[in-house]
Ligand code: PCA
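Presented below, as structure tokens, is a lone chain in the form predicted alone.
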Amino acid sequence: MSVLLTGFDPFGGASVNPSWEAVSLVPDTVAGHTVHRLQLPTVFGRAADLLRSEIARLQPDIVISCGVANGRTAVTPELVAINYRYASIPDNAGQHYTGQRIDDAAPAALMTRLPVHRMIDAVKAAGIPASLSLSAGAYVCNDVYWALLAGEAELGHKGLFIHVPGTEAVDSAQAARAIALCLETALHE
């Protein structure tokens, strides 16, 4: 089995993105499986297209995409991707959505098939704050999550989105450990 981890480039005036910092620190091998990494642009549509291309090229079994949720105090695996775009700030290409469906022909939401509750338990058991989140929001993180889940049948992977908090709440090394624990849990399903 192979796995793909993604994080985002900086956005909103930040110089770093804690999601990419954490993904970069995950070991190159987790539970005997090679870890591939991809940094996504914080741009509606473009990030999702790049993700789909890399999944088609690598054909990973598990894909975990990560983003930052400043203001949260725990690592939060996301249960649901919603079919909706909304941006309180423009993305890195200046796009600013004010509320539209991603795909008019698709359902309102999609849910991960990975064991998020077991993942949260594993992260908490390691002493890292973790909790369930029911939605990845409606910014570029959700756009990527929607593409990740919508493409599972066609591309043959299982996907999950994890939000990491800012480094003032959980440092990059702890966030990387949390992502690795979630990945280990998914691989042993």
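Just so you know, these numbers come straight off a predicted model, no measurement behind them. One rule holds for the numbers: they count along the sequence shown, beginning at 1.
Not on display, but discussed next: the form predicted in complex with this ligand.
Heavy atoms within 4.5 Å of this ligand in the model of the complex are found in exactly one of 26-34, 61-69, 150-158, 121-129, that being 61-69.
Shown alone here, V140 lies within 4.5 Å of this ligand in the model of the complex, counting heavy atoms only. Taking this ligand as positioned in the model of the complex, the residues of 6-43 that bring a heavy atom within 4.5 Å of it are, in sequence order, F8, F11, N17, S19, T42.
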